[in-house]
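Only one chain is shown below, in structure tokens, and it's the form predicted on its own.
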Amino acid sequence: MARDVIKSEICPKLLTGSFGNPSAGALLTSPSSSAYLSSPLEMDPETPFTLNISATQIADLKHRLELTRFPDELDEAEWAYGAPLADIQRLVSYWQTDFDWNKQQAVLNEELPQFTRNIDVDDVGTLEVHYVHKKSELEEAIPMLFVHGWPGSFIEARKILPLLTATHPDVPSFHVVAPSLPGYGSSEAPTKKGFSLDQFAETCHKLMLSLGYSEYVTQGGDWGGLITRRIAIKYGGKHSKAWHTNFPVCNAPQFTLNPFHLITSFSMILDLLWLSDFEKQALQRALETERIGTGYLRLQSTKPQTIGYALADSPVGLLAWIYEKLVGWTDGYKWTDDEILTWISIYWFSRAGPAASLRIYYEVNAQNELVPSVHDVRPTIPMGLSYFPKEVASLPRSWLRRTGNVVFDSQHDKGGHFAAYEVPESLVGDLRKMFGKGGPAYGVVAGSTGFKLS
């Protein structure tokens, strides 16, 4: 984002918003299976994928951990200066001696039906995309694209999958597709400059079409929110039928010579007089995050290659860089050491390496698209919003309603940035209300209401 924008806008700066490296270990496959077709589109059989990191890669990780040189720390520093030394030392010790990656990867393989597929991206070429595809037993289930952000991955869909794909006469059921974004996890990374929101949106959209889902709905937070927004703009109406995000963002009021912009900005300022207590607290948190919590954003959106060396070479550096966000961006979530290290290991063992996941910041920033403007082209398809109290950037609802055709919104008293992982029942509850019978987006996908036809 341009320097003047960084200085003047409230919310953005808060954007944040891996696997089977062929060189790291063989990827296991089994007989192909076909996806359920929610449309008459033809599709090729899916190629099953299994996480299978080699013993050599695991041994290399443990060797690097053994050679760790920790920094010093000021007395009583706690979280003020970043991830506490005691926390990182504990996690590194466990990662080196007791953490069982093979056990964790086996559980992921058992829980998550994974596949890969080649997707042709305009002016980029063919990328092999890793994705989770969990189908409901109900033929009329709603196809849903779930898109993660940073520092997340396909693992963010882990807890919502069984809830979304469950069948019950009172709530809608979904077929869920959760890709690893290009450059994340086991997905191939682009090698050319300029892979930004349009290209991420195109990749995800073409994946859905290739699976036979000519019509679908979307959900995303962090980068997933911006990517699904771009999908709604580019493919909304014909293909993308509705979208939901738990990370709605927009720019602050802008004062320009454009009369319409001036009127809108003054109206947004006046809206501040009628904020609810929830909105006041959320806005204060956004301001505080802007003051002390956006160093990562400015670095990753300007010089991602520089920090990339540290993250690609040092597992402890990678751990500290992401662990701080896992704790700071959640609402008191009780992370286990196994959860944290599984989350980090997905990045460490990623196909392209951890640095690749950062470049989206640079590309989107270079196009000045880091934060949507209320004056931008708005998606016209139905939009749903979920508000969680410890989200890093939560702005006045009246502002956010200007960014799309909002037909549903919901406020929660618990949850943070990783809602799908922290409070899966709350997020899924909102999706069920939005797309269920009597909901504002019920029946948006032709022939796929989420309920058994009577």
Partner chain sequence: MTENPFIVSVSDDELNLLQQKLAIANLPDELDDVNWAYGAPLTDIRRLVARWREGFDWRTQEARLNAEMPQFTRDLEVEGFGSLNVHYVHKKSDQEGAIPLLFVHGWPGSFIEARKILPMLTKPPLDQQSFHVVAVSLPGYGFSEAPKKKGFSISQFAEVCHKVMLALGYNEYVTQGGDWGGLITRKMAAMYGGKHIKAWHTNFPVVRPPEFSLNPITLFTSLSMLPALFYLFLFSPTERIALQRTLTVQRTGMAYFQIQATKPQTLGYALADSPVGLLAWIYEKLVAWSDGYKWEDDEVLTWISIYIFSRAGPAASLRIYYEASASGRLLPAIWEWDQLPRIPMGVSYFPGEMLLLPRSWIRRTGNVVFERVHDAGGHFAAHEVPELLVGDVRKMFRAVWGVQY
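Numbering follows the first chain given and starts at 1. On a predicted model such as this, the values are computed, not experimentally measured, just so you know.
Just so it is clear, the following notes concern the form predicted together with the partner chain, a form of the same protein that is not shown.
Asker: Which residue, W101, W321, W343, W150, has a heavy atom that falls within 4.5 Å of the partner chain in the model of the complex?
Answerer: Among W101, W321, W343, W150, a heavy atom within 4.5 Å of the partner chain in the model of the complex occurs only for W321.
Asker: Of Q57, T68, T50, Q411, which residue is found within 4.5 angstroms of the partner chain in the model of the complex when only non-hydrogen atoms are counted?
Answerer: Spelling it out, the residue with a heavy atom inside the cut-off is T68.
Asker: Looking at the partner-bound form in the model of the complex, is L161 within 4.5 Å of the partner chain by any heavy atom?
Answerer: Although the partner chain is absent here, L161 would stay clear of it in the model of the complex, with no heavy atoms inside 4.5 Å.
Asker: Can you tell me whether E128 touches the partner chain? I mean in the model of the complex, with a 4.5 angstroms heavy atom cut-off.
Answerer: No - in the model of the complex, heavy atoms of E128 and the partner chain never come within 4.5 Å of each other.
Asker: Is the gap between R401 and the partner chain in the model of the complex 4.5 Å or less for some heavy atom pair?
Answerer: R401 lies outside the contact set for the partner chain.
Asker: With a 4.5 Å heavy atom cut-off, would you call E73 a contact of the partner chain in the model of the complex?
Answerer: It does: once the partner chain is placed as it appears in the model of the complex, E73 has a heavy atom within 4.5 Å of it.
Asker: Pick from 140 to 148, 371 to 379, 164 to 172, 313 to 321: which stretch has non-hydrogen atoms within 4.5 Å of the partner chain in the model of the complex?
Answerer: Looking at the other structure, the answer is 313 to 321.
Asker: In the model of the complex, which residues of 190 to 210 put a heavy atom within 4.5 Å of the partner chain?
Answerer: Counting only heavy atoms within 4.5 Å of the partner chain in the model of the complex, the contacting residues of 190 to 210 are P190, T191, K192, K193, G194.
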